[in-house]
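Just one chain follows, in the form predicted alone, and it is written as structure tokens.
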Amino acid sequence: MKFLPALTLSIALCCPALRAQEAAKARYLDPAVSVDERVEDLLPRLTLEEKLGLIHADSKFSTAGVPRLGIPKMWMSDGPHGVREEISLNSWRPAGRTDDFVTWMPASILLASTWNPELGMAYGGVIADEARMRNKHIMLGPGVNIQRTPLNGRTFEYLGEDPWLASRMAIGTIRGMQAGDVAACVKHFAVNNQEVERGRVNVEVDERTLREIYLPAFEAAVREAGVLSFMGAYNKFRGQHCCHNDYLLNKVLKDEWGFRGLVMSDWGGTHTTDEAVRAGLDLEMGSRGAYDDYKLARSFREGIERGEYPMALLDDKVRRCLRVLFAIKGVDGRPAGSQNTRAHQATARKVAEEGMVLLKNANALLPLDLTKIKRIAVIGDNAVRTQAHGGQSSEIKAFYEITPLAGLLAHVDGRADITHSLGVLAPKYRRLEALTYDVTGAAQTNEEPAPAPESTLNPAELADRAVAAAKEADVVIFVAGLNHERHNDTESSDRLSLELPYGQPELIARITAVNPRTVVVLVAGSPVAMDPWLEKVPAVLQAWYAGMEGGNVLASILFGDINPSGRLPCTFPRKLTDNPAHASGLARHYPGEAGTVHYDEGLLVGYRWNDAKNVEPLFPFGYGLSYTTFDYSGLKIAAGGDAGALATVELEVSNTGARAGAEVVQVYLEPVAPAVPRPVQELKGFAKVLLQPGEKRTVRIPLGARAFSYYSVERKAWVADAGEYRINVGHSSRELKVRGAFKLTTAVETR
């Protein structure tokens, strides 16, 4: 006789109908049945313990399955730049596997710099394919938190400062991932805009700013991309932790936006059982202690048994977790995945090609002409430093990684002499045996980890050697920037300054003094200050963290095989106080005062601040140069259009140069006489178009109701007032080439 668990057996004996249902073919195992029907068929078959096992972790990155019913464990992995290396089941130590080398995709900030949502689709597809290969059901990405401060250590993981651009790029990535039967998990919900004090700081932001700046990418993930899972943020919002925040999770996400997937905590982001149960959390991950001590484990069960919590609260959480598992075919058997294929590597390369941003090119120094160059000096620690296995949660074991120096050597292929000099001594911190990890997986020690020995040379001698090499070269390529060490681009700490670290500004000044033919390549995931050395350098390329093919792409751009087409997804300020979060210099605005950070700048984030305060940026939002030139003409703005647009912007874009190139046409909307205070202008549409020399093409960009709208706190709706709106179209927020106007004759209200 086959024995059933006691609870199931007792119910079956008392209920002949259920006994007959058990004997029949289980509908939840039938792929032809709808997801909701399958969930409702499975739910009554589960015991209380089995239900609880589905809503909290049973290892660092999994939840328990239900083996007796054929329900597998649900596995998660960090992202967003690839499938993280395997770690031990019950600790943050690497598992030591040899089958977890994957494709390292370019950083999210570089993806945003492509301004190409179709590449977002391809990007998500690669990650899904490799996640299936590793039996992952949920990938923890994309991250869509808006860049409020350039010091945020995780800026490189996000999609820039503008909610429209971030929304479009996130939609593409989510759709690509979920089309591959892997659930995307959009994070970190919400207003998680700094790493310093991230687990404790309380964020105070007015409702209109919340809706117009910090929530649109999350909303688009639900309403347009159909994202299957959300991750809460570590910080508090209006006094309540975001991982169990009733307003954000219940009222906005689930009730207002209609989200039907699961909300998981960030690792260690759950604090009380009562809030975890009632305030919208569905899945608890990474808390301290034994798994049965989690807030949604034993204490939840005891609360149900005491009658403190109705079973309906548990069932709602279970439904949401099962809905995700069925939606990605997690019970049915998904197609086999693959990793490190040529197609994956080609996608990584294509993203890097379209995302690097040419910031300066005085006297057309770039592209470099190898027929006129005999000696090249490559300088900088970042020329030889690998970046994939850094940044903490986004650490990747790359199958290979082409460093800038390796890419340059391969491209030049002996046609010129290349020398390399470190120039600076950037520390590399080694993991010590005594190193411990907090609940988030961040490395913790009483002191900073000791830097690994790099060289017997002192910094002054390294700098002198670099200057000597530069003096003898025909051209210098200085690969400068940041890295993923503490207080650079990394989780769990913010940068301490906008300046380049390790004495790089001083070395750039010395090198340009002996060789003015110097190209600075910035390997970094966030803006850096460039005054005063920028005026001495003829060419600057923002290479970001460009993935496993980054070095090859860098060389192809510098030598002209690829025409750069990236555009900045964030403003580069001249100095830190030009950024709104730092303009006052008050702790109240960053990093917080008495445990609370106040977003008093309101809507004026990024370029909105520069426009309103007439602050000249170092490089404006949307900026990027090309090796060719473009012209705009024939602007027309008509009412209506595809997909319910209120207006359609149409214009002719011409390539007026001698090389093929891609232009990013950017549309900014400016209300003429707004009824409420609004930013001077806001990005509301864009299109990337590839043109051959002399080619002209018609570009059409629709503007929906949201493009004209502001959020009315009183009406709890989006309102587009009747009236006149200027339509500004150009290369960037500060390079507007053609202007028109559109009159909205009737007010429009949407929710």
Ligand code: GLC
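These numbers come from a predicted model, not from an experiment. Numbering starts at 1 and follows the sequence shown.
The form predicted in complex with the named molecule exists for this protein as well; it is not shown, and the discussion that follows is about that form.
> in the predicted bound form, do 132, 230 and 320 all put a heavy atom within 4.5 Å of the named molecule?
Replying inline: Answer is no for this spot.
> Residues in which of 166-174, 396-404, 593-601, 266-274 have heavy atoms within 4.5 Å of the named molecule in the predicted bound form?
Replying inline: So the stretch in question is 266-274.
>> I'd like to know whether residue 78 contacts the named molecule in the predicted bound form, with contact meaning heavy atoms within 4.5 angstroms.
In response: Residue-level check for residue 78: yes, a contact with the named molecule.
>> residue 725 versus the named molecule, in the predicted bound form: is there a non-hydrogen atom within 4.5 Å?
In response: Close contact is absent here: in the predicted bound form, residue 725 is far from the named molecule, nothing within 4.5 Å, heavy atoms only.
> Hey, in the predicted bound form, does residue 494 get a heavy atom within 4.5 angstroms of the named molecule?
Replying inline: Heavy-atom contact with the named molecule at 4.5 Å: absent for residue 494.
> Does at least one non-hydrogen atom of residue 241 fall within 4.5 angstroms of the named molecule in the predicted bound form?
Replying inline: Outside the cut-off, so no.
> Considering 484, 84, 608, 136, which brings a non-hydrogen atom within 4.5 Å of the named molecule in the predicted bound form?
Replying inline: Of the listed residues, the single hit is 84.
> in the predicted bound form, which of the listed residues (291, 630, 234, 101) lies with a heavy atom within 4.5 Å of the named molecule?
Replying inline: It is 234 that has a heavy atom within 4.5 Å of the partner.
> Within 49-66, which residues come within 4.5 Å of the named molecule in the predicted bound form, counting heavy atoms only?
Replying inline: Contacting residue: only 61.
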